[in-house]
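In the form predicted alone, a lone chain appears below as structure tokens.
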Amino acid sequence: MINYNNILQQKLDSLKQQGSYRHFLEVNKSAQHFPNFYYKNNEGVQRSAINWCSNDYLCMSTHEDVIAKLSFVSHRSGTGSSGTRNISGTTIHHIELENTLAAWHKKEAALLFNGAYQANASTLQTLGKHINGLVFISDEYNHASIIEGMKAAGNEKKIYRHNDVQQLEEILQSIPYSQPKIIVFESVYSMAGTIANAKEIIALAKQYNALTYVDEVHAVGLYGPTGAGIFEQESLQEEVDIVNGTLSKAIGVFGGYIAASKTVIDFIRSFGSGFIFTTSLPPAICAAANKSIQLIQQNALYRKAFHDNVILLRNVLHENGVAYTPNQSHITRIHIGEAKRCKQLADGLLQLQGVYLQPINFPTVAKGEECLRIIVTAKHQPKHIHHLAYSLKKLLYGKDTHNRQGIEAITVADGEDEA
């Protein structure tokens, strides 16, 4: 008799021993008090903390106009679409949002999915299965959704070292010019915080007859004159073939999408099982996302406030002697290098300092690359940033900044008032 639960429990126990088991903190988010939130500690006592790991970069999920739009359309159209896009799930709000996204990325059309993960996996799988001999050429740091999409397609895949355009060209040279190929990469890499060499990649793609597919999920809303992303910032929007984006981060709502030519969009719409057989996004979600994008496009000050906070954060970390990995994006990464230590630090920050940072462990990053990833938002105040740096210095290095003894005997810092 096979005890399947025992098999699974052994795997879970192994995760816990390695320090990579994922503990979910039950967050009571407050739109009025963001980035402050509330939670119950191990004793069941309500506490407050500052959120430093939310991807709500511009805090659009708490914007009154976005919330009002969501509420209004929910009242008019109901809470769900109640069908796939083919079976009553295409509303005026879906079409309006797709038109907005296409225009934003300077593409002929766009297609909504229930998440950027689904958009990546479905699109790449569909392309691979239907373009004979298609070779995927993938950056080694690509997101799990990209990897899953390519794996599901079953096509040949070649991986180049992260941002190494020289090796990318060597791979392109090794593939016949007439053989279908697609370069798949991200504009902003969410864990490393690096930015792709977009101009060089696009130039190589044109030289060697390759399609290009870019994941802009951590760039949409944050870069470029209207916030369309790195490719808008680099004036390359019309040069890339397929763009993947999210409505769930800087836009502050929910869902994902791709934008491309009418032919590519119609092809994925017609052949992509991950699109065809999924209930569509609620109409109110689409309307709220559309409203959020319009506000982002019209208000460059949202992006300025966000990037000013990134600069302030890094300056204050430097002043406090807290080492971080430098990069050109907004993602600030503190290397720890050991899973249990990473979890210990995160627990200490929350319980002792009122600072919420999730440990980033394997398989999200490679073993030895465990880190604390700081995400500042447009609503973090200078007092929050200074308290974060103070707390990190205390827990990383102890009261004596030259003594790296961990979190023992560290007292709670004065933080936000509890609710």
Ligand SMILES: Cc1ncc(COP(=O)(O)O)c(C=O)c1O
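Note that residue numbering begins at 1 and tracks the sequence as displayed. Bear in mind that the values here come from a model prediction, so they are computed numbers and not experimental data.
FYI, the form predicted together with the named molecule isn't displayed, but the following is about it.
A.B. asks: With the partner absent here, would S54, H307 and A378 each sit within 4.5 Å of the named molecule in the predicted complex, counting heavy atoms only?
C.D. replies: No, because S54, H307 and A378 lack any heavy atom that approaches the named molecule to within 4.5 Å in the predicted complex.
A.B. asks: Could you spot which one of Y117, Y223, W104, F275 gets a heavy atom to within 4.5 Å of the named molecule in the predicted complex?
C.D. replies: Of the listed residues, the single hit is Y117.
A.B. asks: Would you mind picking the one in Q125, S138, T91, S145 that has a heavy atom within 4.5 Å of the named molecule in the predicted complex?
C.D. replies: By the 4.5 Å heavy-atom cutoff, the listed residue in contact is S145.
A.B. asks: Looking at 149-157, 165-173, 285-293, 214-222, which one sits within 4.5 Å of the named molecule in the predicted complex if you count heavy atoms only?
C.D. replies: Of the options, only 214-222 has residues within 4.5 Å of the partner.
A.B. asks: Contact with the named molecule in the predicted complex for S248, defined as at least one heavy atom pair within 4.5 Å: yes or no?
C.D. replies: Answer yes; at least one heavy atom of S248 falls within 4.5 Å of the named molecule in the predicted complex.
A.B. asks: Does any part of S81 reach within 4.5 Å of the named molecule in the predicted complex? Heavy atoms only, please.
C.D. replies: S81: no, not in contact with the named molecule in the predicted complex.
A.B. asks: Taking heavy atoms and a 4.5 Å cut-off, does G255 contact the named molecule in the predicted complex?
C.D. replies: Flag for G255 set to yes.
A.B. asks: So in the predicted complex, is the named molecule close enough to S190 to count as touching (4.5 Å, heavy atoms)?
C.D. replies: Taking the distances in the predicted complex, the answer for S190 is yes, it comes within 4.5 Å of the named molecule.
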